[in-house]
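A single chain comes next, written as structure tokens; it is the form predicted on its own.
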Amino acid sequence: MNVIKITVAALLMASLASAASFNTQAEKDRKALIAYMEKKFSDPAKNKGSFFPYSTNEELSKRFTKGIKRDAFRLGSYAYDKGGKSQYDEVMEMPPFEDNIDAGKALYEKKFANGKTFKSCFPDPAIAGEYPKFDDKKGTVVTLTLAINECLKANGEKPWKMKKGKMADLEAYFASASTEAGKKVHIVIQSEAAAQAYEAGKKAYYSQRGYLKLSCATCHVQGTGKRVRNEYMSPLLGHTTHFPVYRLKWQGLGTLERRIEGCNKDEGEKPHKPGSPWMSNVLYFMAYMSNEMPVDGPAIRK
């Protein structure tokens, strides 16, 4: 009996060790990104030659915040843009998305035709930081947007559009509940297939595309903090913590899929569809880069 117990325990430990190894490369990537961003903004004026060759000394010394640490980057460019942060704080005193959160809560509690609600799929609404997930049975990444539509279809309801409207409202409620509960981003890579999906997302993020030959990283890694017209580009680190967001440009709330579509267009590329393998893998990679950071959505962006 003791031999059997020891054998079972050994097998269990081996299994856990094996599972943990699937995120080895992802962890190296995440820690390297944190180190890169913290070094870049440790002293922007001092680091001008390495990171900000086209910025003025006055701009870097007066408009930028120094010594930023990991969790602050969830604020996007407002983490280092003093003027932008001041405007952001003012707007967030009476955020324009409060009605969206209320609408999302109503959708969460509304009964389907079969008498069930979204609670049958998501018992705890504080789940924003747990997605995307890799489904080993399906062999694909499941974003929160896809999971919501799967719940609708499983209950005999029609799926929603994936970029705004009801989808953004429900996700706003999930994000708000996660923020209030003090939840953090917790993305898991639990299998070889999940690791491959992560790598596919990373490759897509760093690959040049479109007629402009830009990548996501051109703006949000190397270009972080650089100015395009009068706006500073936001960092990959923390990018997924606060969605859905209310963009002033949209005059409304939108999902992360909607924002990525816009980035595709900016790169001179035909946008990838929400729910496509390309989109889902990229969001899986992006979310992992924000692992262990606080969820703080919904938020507002320009």
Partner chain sequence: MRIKAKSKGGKTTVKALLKHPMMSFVQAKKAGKPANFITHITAKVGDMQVLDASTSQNLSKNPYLKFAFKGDAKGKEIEITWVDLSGKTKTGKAKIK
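Residue numbers count along the first chain shown, from 1. Predicted model, so just to flag it, every value in this text is computed and none were measured.
Keep in mind that the form predicted together with the partner chain is missing from the display, and what follows is about it.
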is_contact(E93, the partner chain) in the predicted complex, heavy atom dist at most 4.5 Å
yes
For D102, is any heavy atom within 4.5 Å of the partner chain in the predicted complex, or not?
yes
According to a 4.5 angstroms non-hydrogen atom cut-off, is E98 in contact with the partner chain in the predicted complex?
yes
Within 210-230, the residues having any heavy atom within 4.5 Å of the partner chain in the predicted complex are none
